[in-house]
Ligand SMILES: NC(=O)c1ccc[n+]([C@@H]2O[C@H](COP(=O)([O-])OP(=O)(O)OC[C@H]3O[C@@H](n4cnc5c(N)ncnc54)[C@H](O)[C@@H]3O)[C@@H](O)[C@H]2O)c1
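Just the one chain here, laid out as structure tokens, in the form predicted alone.
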Amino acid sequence: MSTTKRRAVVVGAGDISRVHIDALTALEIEVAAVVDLDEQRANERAASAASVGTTDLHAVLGAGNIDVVHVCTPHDQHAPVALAALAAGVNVLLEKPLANTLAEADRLAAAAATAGVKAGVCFQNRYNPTVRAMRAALESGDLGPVLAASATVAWSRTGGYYAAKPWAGQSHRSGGGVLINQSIHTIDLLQWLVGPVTEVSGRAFQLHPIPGVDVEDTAAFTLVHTQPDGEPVRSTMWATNANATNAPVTLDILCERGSLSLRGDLTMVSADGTTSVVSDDPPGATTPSYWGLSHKALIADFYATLEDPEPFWISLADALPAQRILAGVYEQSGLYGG
């Protein structure tokens, strides 16, 4: 990595921008500006980074000397912001999802593939120690082929949540509810750990309607994965925002010679009954544990590889499979134009 001082721009001054700014500050990367359509919000978030707030992204990009644009906006603004940065020849790090629709996600991934700059997506849970251990165990072959997998996301999103961020309950802006907003990380982990998905079957719906909210709060689906040996395996997932609290995400993988069970900590059981436990890093004082705790690790990795010729390992193309899965569930449910 170059010793040159890196300069970042954070676009979107909502809750997740604080996580990015905290990571950038810890990594001693200068936050050149915080951009938001709401000037007061931009200024307030910029103050936390000793930076400047503005509503004019194009002016910031036009001034030059920016290494990375961090896209932390509502979903419907991901593609416009990222495309503007790519057109200016600036590296891009996007919060999930790629965009509010699969068509926009495809368009954005195609643009990034030919832009000549680095582009990545914050699927930071791939950096969690527990998830890394799951991946290593599966890749070692010691557990044998995967026989089945399942996952749950049982969280709570109340009327107060949607009142604070109305766009999240508006399907034309968010692109959906529990699947695209809360569960996409777990969907990504399923397809990354178990294998590429060839079939999707499921339904999404409102279990506990909230006035003014038109996105799904609950979904259930099955996936058919292809493993390295070519054998298909099925996984299942259930997700809801109608739970009474934010429960730990669960992810279970049953293999021929053992199992992996993620419930906060990871419990690994081998064929002879030997059990080992791997824990994640403890959550920070201001970061909800259910967000995932590895933003800093991903952001540090992204900056460390800026000068490498190959794409970032979680590129925009790598983020498409998870979005295609949830889009398939939406289409089968007759939601959001599907």
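These figures come from a predicted structure and were not determined experimentally. From 1 onward, residues are counted along the sequence shown.
Below, we turn to the form predicted together with the named molecule, even though it does not appear here.
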(message) The chain here is shown without the named molecule. Which stretch in 60-68, 34-42, 271-279, 307-315 comes within 4.5 angstroms of it in the predicted complex, by heavy atom distance?
(response) 34-42
(request) State yes only if every one of Thr152, Ala239 and Gly328 has a non-hydrogen atom within 4.5 Å of the named molecule in the predicted complex; otherwise state no. (result) no
(message) Just to be sure I understand the contacts: of Gly120, Pro97, Gly195, Gly176, which is the one whose heavy atoms reach within 4.5 angstroms of the named molecule in the predicted complex?
(response) Pro97
(request) Name the residue from Ser259, Asn91, Thr130, Asn181 that puts a heavy atom within 4.5 Å of the named molecule in the predicted complex. (result) Asn181
(request) Indicate whether the named molecule has at least one heavy atom within 4.5 Å of a heavy atom of Ile16 in the predicted complex. (result) yes
(request) Report whether the minimum heavy atom distance between Ala105 and the named molecule in the predicted complex is within 4.5 Å. (result) no
(request) Give a yes/no on whether Leu266 approaches the named molecule to within 4.5 Å in the predicted complex, heavy atoms considered. (result) no
(message) Using a 4.5 angstroms cut-off on non-hydrogen atoms, would Val81 count as touching the named molecule in the predicted complex?
(response) yes
(message) Where, within 183-198, is there a heavy atom within 4.5 Å of the named molecule in the predicted complex? Residue list please.
(response) His185
